[in-house]
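Next up: a single chain in structure tokens, the form predicted on its own.
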Amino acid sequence: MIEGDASPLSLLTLLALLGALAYAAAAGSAVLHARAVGTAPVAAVSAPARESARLLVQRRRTVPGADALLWRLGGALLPVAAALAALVVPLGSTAVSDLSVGVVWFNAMEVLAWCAVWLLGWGANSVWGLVGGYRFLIQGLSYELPHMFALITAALGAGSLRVGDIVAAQEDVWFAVLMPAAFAVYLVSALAMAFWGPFDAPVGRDAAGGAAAEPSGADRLVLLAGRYMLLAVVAAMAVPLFLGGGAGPLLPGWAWSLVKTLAVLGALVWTGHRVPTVRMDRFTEVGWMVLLPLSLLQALVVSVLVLVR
């Protein structure tokens, strides 16, 4: 728990909030899709609930030669990784656990997504699934280092790996203002981590759904829920890292945390619908030639400022 006058955030409350944010992301995506195809956006708000009910009663597809354990383990790891990462994300001034190495914990749980998507593609014994799984590994190699340096830059500015200390260090000015390149790299890498558009090639239509080609029924529901939960948790973590946490006028800290999280989540969902899918070779080039040098330069500038202040 983050020290302060607020009550500790219970695990049950955290999971409920994460589920609500994931549903909000799915509903927002459905509304944007409805507007694009010219159907009623209001009816799309309930689309995730109707799709969940349909998948729950749908019979699971059987693939000859598939490794059912790896396949289902891969799908289940995504929501588990998102929930574990969320343990260190504060709501206002309180979190389930404010670890002294909270930034490292968050990054380690995100890396589980690599394992999850690859297992999902490998275990399905499907060429499309395997293509999707390896695409995500390549994508991960391109975004993970810039993402890690963006996280470390925020920790460097605060002089601590504790998420609560990073929030406290933004009392005067948000890190999004002091280190805009790190904030931008974090958002781009967050989209890639959640294999959300424009970095959704691992589940692309050109590969018949890629890593998500074979899961059906409850397996597909768990996969989709995990993906939206991952998107929600990376949006929520942007708030304490770069947007001052729960700081703000009039409203209590928890309310500001939710408002800022919804704003970031809305921007990520909107970007996924507005920007076309980036080819893997292009993203790999951008990741190594642009994002990594940019994040390193930002970290260097912040390091110098920390030394001279």
Partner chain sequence: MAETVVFAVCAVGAVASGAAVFVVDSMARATFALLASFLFAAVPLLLLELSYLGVLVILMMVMEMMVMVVFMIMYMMNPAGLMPMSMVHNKAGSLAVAAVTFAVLAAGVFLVPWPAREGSPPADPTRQLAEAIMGPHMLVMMLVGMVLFATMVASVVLSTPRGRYDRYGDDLKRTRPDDPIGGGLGR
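What you are looking at is a predicted structure, and each value in this text was computed from that prediction instead of being measured. Numbering follows the first chain given and starts at 1.
As for the form predicted together with the partner chain, it is not shown, yet the points below apply to it.
Every residue in the set Cys115, Leu141 and Val286 has a non-hydrogen atom no more than 4.5 Å from the partner chain in the predicted complex.
Under a 4.5 angstroms non-hydrogen atom cutoff, the partner chain in the predicted complex lacks Ser160 among its neighbouring residues. Leu69 belongs to the set of residues with a heavy atom inside 4.5 Å of the partner chain in the predicted complex.
In the predicted complex, the partner chain lies farther than 4.5 Å from every heavy atom of Ala76.
Taking non-hydrogen atoms only, Ser100 approaches the partner chain to within 4.5 angstroms in the predicted complex.
Contact with the partner chain in the predicted complex, judged by any heavy atom within 4.5 Å, is made by just one of Arg50, His33, Arg61, Arg282: Arg282.
Checked against the partner chain in the predicted complex, the candidates Trp128, Trp105, Trp174, Trp196 yield a single residue with a heavy atom inside 4.5 Å, and that residue is Trp105. The stretch among 235-243, 116-124, 184-192, 82-90 whose residues place heavy atoms within 4.5 Å of the partner chain in the predicted complex is 116-124.
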